[in-house]
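Before any questions on binding or motion, here is one chain by itself as structure tokens, the form predicted alone.
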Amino acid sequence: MSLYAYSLLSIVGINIMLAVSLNLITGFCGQVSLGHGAFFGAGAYAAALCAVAGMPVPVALLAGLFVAGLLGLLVGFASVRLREDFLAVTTIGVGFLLVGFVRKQSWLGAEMGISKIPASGLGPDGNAVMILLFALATIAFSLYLKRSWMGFAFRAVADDEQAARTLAIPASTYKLVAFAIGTAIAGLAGGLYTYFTQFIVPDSFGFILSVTLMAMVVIGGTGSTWGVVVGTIILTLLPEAFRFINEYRLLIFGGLLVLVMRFAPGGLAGIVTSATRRLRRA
């Protein structure tokens, strides 16, 4: 395989981890987060600092996971009582705060970012395999979580928080857990991204990335792990297959998002489910 193919596989794997982790927060627990890129960036910078300091790859990845998860907990504590649009605005603010903070810190490279990050030593093919293995593990974890007792509690909170409380389900606790798990996985993806690019800048983790990830979740099918995976693969490969539309990517993603919300609120997963039911009835 060519270097381009390995790079493309790596990007797909990282995007799958990010979209599935956002789906844990938004699809499973009903929390609208439009600042997921910030936690991705927090993990990337934590891993980059560890890598530059000469720490092993596993330590750097764990640092990215821990830092992003801790930041997710702090944001969760601050916004656990917020709902829908208020929570969305709060998470947008977190994203802008992180990018603004990094741009002013010389020890984080400020506007220029962090460059010359040591390689993982695995090579392009090894990096791609490592990223894809983590992506598969994220998918498997999401599928397991959805069928577990915690997954049922998440869905109860998402469907009707007040009704969940009457059933002795601590809604605030489960919202915090979902936020911590989702952001921690995003931080792990950030660490993998650091070793993949060996160069990071603040603008890579801004609002545009967060909106793109939300588009992947909604178009794939909010709450559906496989739907989100398929949606992520399509929206990642589409600009690569049709380079002439790359500069119109956000416009196309926005248009697709509007069309899906208007005509197929369940996304690709909802379309498949509806078609399957019709076939069974026929």
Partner chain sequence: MTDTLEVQNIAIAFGGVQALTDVSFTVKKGELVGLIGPNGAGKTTLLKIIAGVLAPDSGQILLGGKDVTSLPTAARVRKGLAVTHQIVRPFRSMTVLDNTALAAGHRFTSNPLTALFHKARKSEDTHARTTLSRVGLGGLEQSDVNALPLGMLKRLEVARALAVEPDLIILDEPLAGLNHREAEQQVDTIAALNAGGVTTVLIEHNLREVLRVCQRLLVLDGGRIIADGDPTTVMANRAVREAYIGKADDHVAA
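Model, not experiment: these values are computed from the prediction. Residue numbers count along the first chain shown, from 1.
One more form of this protein, predicted in complex with the partner chain, exists but is not displayed; see below.
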Exercise. With the partner left out of view, is Met130 within 4.5 angstroms of the partner chain in the predicted complex by any non-hydrogen atom?
Worked result: no
Exercise. Counting only non-hydrogen atoms and a 4.5 angstroms cut-off, does Arg103 reach the partner chain in the predicted complex?
Worked result: no
Exercise. Using heavy atoms and a 4.5 Å limit, would one call Arg147 a contact residue for the partner chain in the predicted complex?
Worked result: yes
Exercise. Does the 4.5 Å heavy atom contact test between Ala78 and the partner chain in the predicted complex come out positive?
Worked result: no
Problem set entry | Whether Ser115, Ser120 and Leu122 all lie within 4.5 angstroms of the partner chain in the predicted complex by heavy atom | no
Problem set entry | Answer option from Phe86, Phe152, Phe207, Phe199, heavy atom within 4.5 Å of the partner chain in the predicted complex | Phe152
Problem set entry | Contact assignment for the partner chain in the predicted complex, among Ala110, Ala163, Leu74, Leu97, heavy atom within 4.5 Å | Ala163
Seminar exercise, completed: TL;DR on 169-177, 132-140, 184-192, 207-215: the one with heavy atoms within 4.5 Å of the partner chain in the predicted complex is 169-177
Problem set entry | Residues from 31-65 in contact with the partner chain (non-hydrogen atom within 4.5 Å) in the predicted complex | none
